[in-house]
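Here you get one chain, nothing else, as structure tokens; it is the form predicted alone.
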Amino acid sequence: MARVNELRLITRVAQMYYTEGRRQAEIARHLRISQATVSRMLKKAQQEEIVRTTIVAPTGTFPELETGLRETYGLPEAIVVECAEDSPGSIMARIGEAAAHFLEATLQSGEIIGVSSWSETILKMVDNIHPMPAGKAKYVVQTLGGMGDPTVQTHATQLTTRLARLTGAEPRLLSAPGVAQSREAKLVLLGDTYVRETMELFSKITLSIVGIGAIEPSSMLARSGNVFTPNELSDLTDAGAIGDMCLRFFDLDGNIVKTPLDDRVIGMPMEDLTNVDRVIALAGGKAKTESIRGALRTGTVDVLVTDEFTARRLLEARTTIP
């Protein structure tokens, strides 16, 4: 009977706390017991399954898919967004909205943010961010050369400067092309004081926001001119490359693919990206599914923001690469 009497009192404490909404201190006064005893009883109520926690996922959220991604790929966090259709435009818009909210909710004071500026999805994120207090972040650092065709270079520059303004940070632009004409041309560009100062910040970045690219460049990147030729892309494919982050390529198993082309990229090396405390990757869509799979296997990504259709594909058995 002693156990029944103990459980009866535990049940009453749980009822007062969870059903009646009373504070622990109030329960302690009412029952003439210590607050520490109330706390222990509430824990015991869960252990005895007197109290059972049920999470009811709201419509439009996908906790099972997010759990599947975390467990399958060893991700600390995954965010899966609802999309009306499995199309690039819809997917980029929804991912951008979710990423903006997540960044606003989790950005720490004094962070140094790295951002890849040739991503339409990241641009959608910036479009949805609300202004934060001045000094919330310290710097927003452009992690891939931002010079290119003037018709789209404006987007890259504005992406970095707007994100800096919205987070109360100072922008640090990388005033060089993302892909130099040759290794020698790259060395000349790296001699520029402003380029060098920006690149020196790569090792200090605490939060990096990246897109995940397929071998075939996005329309924005292609229009910028910061791309390799079809023959060079074919060489990357022959070397096993499946996708890139900041034009640093990897294969389907997450291994870094190094070729002489790597020596022409003016941007953040994969080694520096791996050392960043938190890397948030924004990507989705059928054409990028295998690239995302490879990116997750690099062990670099800490938070993936993707769509429900891509999440389901990522949790299927490895698909055949076309």
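In this text, residue numbers run from 1 along the sequence as written. None of the values given here were measured: they were computed from a predicted structure.
One more form of this protein exists, namely the form predicted together with a further copy of the same chain; it is left out here, but the text below deals with it.
- Between the options T67, N275, Q47, Q35, the residue in contact with a further copy of the same chain in the model of the complex by a heavy atom within 4.5 angstroms is T67.
- In the model of the complex, a further copy of the same chain sits beyond 4.5 Å of every heavy atom of G74.
- In the model of the complex, a further copy of the same chain sits within 4.5 Å of a heavy atom of V80.
- a further copy of the same chain in the model of the complex is approached by A98, whose closest heavy atom lies within 4.5 angstroms of it.
- Although the partner is absent here, E316 lies well away from a further copy of the same chain in the model of the complex, with no heavy atom inside 4.5 Å.
- With respect to a further copy of the same chain in the model of the complex, the three residues L7, T53 and P63 uniformly fall within 4.5 angstroms at the level of their nearest heavy atom.
- You can rule out all but one of 194-202, 101-109, 240-248, 163-171: in the model of the complex, only 101-109 has residues with a heavy atom within 4.5 Å of a further copy of the same chain.
- For the partner-free chain shown, L9, T11, R12, A14, Q15, M16, Y18, T19, E20, H30, L31, R32, I33 of 9-41 come within 4.5 angstroms of a further copy of the same chain in the model of the complex, judged by any non-hydrogen atom.
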